[in-house]
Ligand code: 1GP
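First, one chain by itself in structure tokens, the form predicted on its own.
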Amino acid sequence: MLSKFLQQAVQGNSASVALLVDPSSQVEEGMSCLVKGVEEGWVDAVFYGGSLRTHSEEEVQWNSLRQRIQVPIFAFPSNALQVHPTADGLLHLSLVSGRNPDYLVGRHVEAAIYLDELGIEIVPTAYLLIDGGKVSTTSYITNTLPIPRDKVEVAYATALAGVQLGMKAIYLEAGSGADKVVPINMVKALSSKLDVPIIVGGGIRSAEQMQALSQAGADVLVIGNAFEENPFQVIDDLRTFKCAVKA
């Protein structure tokens, strides 16, 4: 299902939108907005994951999501061992922009047998951390320096290496709560040169940013921190973005 979702996103007239749900921080207000966004057609998928959660929290949140929304729920965990058995697929991230072996392959080895036993679809994804204007949680946790915003060729070479190693998608991440989105010219350069889905997240806070990233070639936009802070505004922005595309 994940591969199909990504392929449909590539073939669409504009970027698909996934909301990132972190069970450790999501509240009922956000859940209600998520349900509304799905029902009205503004939300195409949910990426589910976070770093500060317990098994009991995960089960309660997951079951609630399954009961209340009718779009795919894909695993986007900080640790692949946290993947829920009924996830519709896993974005299996390898932090190719960093040099920390734990996040390049170490965590993957730890989770390999568990994931194989689950039998869910896995899409190996090259994860590139891009400077979003502030120190991100990902950068701090992984001890990884982000790619500078003006180093488009470095980003391209890094993403290309991921593709040559067999990665099936590229995730450009400015970081949770980033001050700036991934540079438009960087998205445009990678999308024009690489024949894999381009996923972009971090710092997306307006319909104008969504439109610019979509026009630059982003296939999937991921919105997380902004949705946690102001879910009503995000749903309004998604409506504006989606309606502009249809007009």
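The structure displayed is predicted, hence computed values, not measured ones. From 1 onward, residues are counted along the sequence shown.
As for the form predicted in complex with the ligand, it is not shown, yet the points below apply to it.
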> Heavy atoms within 4.5 Å of the ligand in the predicted bound form: does Ser16 have any?
Replying inline: no
>> Please tell me whether any heavy atom belonging to Leu190 falls inside 4.5 Å of a heavy atom of the ligand, as the geometry stands in the predicted bound form.
In response: no
> Contact between Ser176 and the ligand in the predicted bound form at 4.5 Å, heavy atoms?
Replying inline: yes
> Wondering, does Val222 line up within 4.5 Å of the ligand in the predicted bound form on heavy atoms?
Replying inline: yes
> Is every one of Leu20, Tyr171 and Gly203 within 4.5 Å of the ligand in the predicted bound form, counting heavy atoms?
Replying inline: yes
>> Looking at heavy atoms inside 4.5 Å, which stretch does the ligand contact in the predicted bound form, given the options 208-216, 176-184, 36-44, 190-198?
In response: 176-184
> Taking heavy atoms and a 4.5 Å limit, what residues of 66-99 are near the ligand in the predicted bound form?
Replying inline: Phe76
